[in-house]
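Only one chain is included here, represented as structure tokens and corresponding to the form predicted alone.
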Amino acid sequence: MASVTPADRPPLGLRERKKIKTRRAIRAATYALIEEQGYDATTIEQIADRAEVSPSTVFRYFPTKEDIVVTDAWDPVIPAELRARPRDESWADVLRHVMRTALDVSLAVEPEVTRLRSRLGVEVPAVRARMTESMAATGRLLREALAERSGLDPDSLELRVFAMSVMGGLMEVSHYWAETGHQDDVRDLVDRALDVLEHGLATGKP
């Protein structure tokens, strides 16, 4: 089965396009303000003013300021990409392909924002806590998609452990990438993390 691409998806209606435009404006305003004055100094009122919407509109799209930073447009797309991969492909190769595809787009479309999000996850406790909470929701989406491929019960202990191990590994990749000054290619770091999950931890002994 071919990978799902934007061209394969049905065109969005006017209402949905307006929602996407508003969401993007809010996110862009938030990141610009954070770059200018820092996370703590940035208020919802300032974000609304910069995005040319009302504060209530901001809250309608994002319940908290942390959600603006944490919410990733790729979260719901990744499970769809997982489902589109060939059935005989190994889970490790599936995840490598899907994550590399998502990161290719993120780094091409908004490289500075991608780096800033990872840095805020390290530097701002509230953002880091929200990322941890969000990880559980994304993990559920992941295990549902993996359950369809494996035939396992999505609520089984094995699939829960596996999905959350993947999510935890990806979060640590993000933190490591930020803590090391974004020196490495994050896609290579994801490959390294998946290698650990696939093959186990090397002992470092000859």
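Take the two forms, find the largest set of C-alpha atoms that superpose within 1.5 Å, and that set is the rigid core. The numbering used is simple: start at 1 and walk along the sequence shown. In this text the structure is predicted, and so the values were computed from the model without any measurement.
Separately, the form predicted together with a further copy of the same chain exists; it is not shown, and the next lines address it.
a further copy of the same chain in the predicted bound form reached by all of Arg27, Ile47 and Glu52, non-hydrogen atom within 4.5 Å
No, because Arg27, Ile47 and Glu52 lack any heavy atom that approaches a further copy of the same chain to within 4.5 Å in the predicted bound form.
Can you say which of 78-86, 132-140, 107-115, 93-101 gets within 4.5 Å of a further copy of the same chain in the predicted bound form, counting heavy atoms only?
Looking at the other structure, the answer is 132-140.
May I ask you to choose, among Ser156, Thr43, Gln37, Thr64, the residue with a heavy atom within 4.5 Å of a further copy of the same chain in the predicted bound form?
None of the other options qualify; the answer is Ser156.
Verify the contact flag for Val173: yes if a non-hydrogen atom of it lies within 4.5 Å of a non-hydrogen atom of a further copy of the same chain in the predicted bound form, no if not.
Answer yes; at least one heavy atom of Val173 falls within 4.5 Å of a further copy of the same chain in the predicted bound form.
Is there a heavy atom of Tyr31 lying 4.5 Å or less from a heavy atom of a further copy of the same chain in the predicted bound form?
No, Tyr31 stays farther than 4.5 Å from a further copy of the same chain in the predicted bound form.
Looking at the partner-bound form in the predicted bound form, is Arg128 within 4.5 Å of a further copy of the same chain by any heavy atom?
Yes, Arg128 is a contact residue.
Ile20 near a further copy of the same chain in the predicted bound form, any heavy atom under 4.5 Å?
No, no contact at 4.5 Å.
For the stretch 133-153, which residues lie within 4.5 Å of a further copy of the same chain in the predicted bound form by non-hydrogen atom distance?
Residues within 4.5 Å: Glu133, Arg143, Arg149, Ser150, Leu152.
Please say whether, between the shown form and the other one, the C-alpha of Arg160 moves by 2 Å or more once the core is aligned.
No, the C-alpha moves less than 2 Å.
Aligning on the core only, does the CA of Ser174 end up 2 angstroms or more away between the shown form and the other one?
Shift at Ser174: below 2 Å after core fit.
Taking the rigid core as the superposition reference, indicate whether the CA of Glu35 shifts 2 angstroms or more between the shown form and the other one.
Not so; Glu35 is displaced by less than 2 Å.
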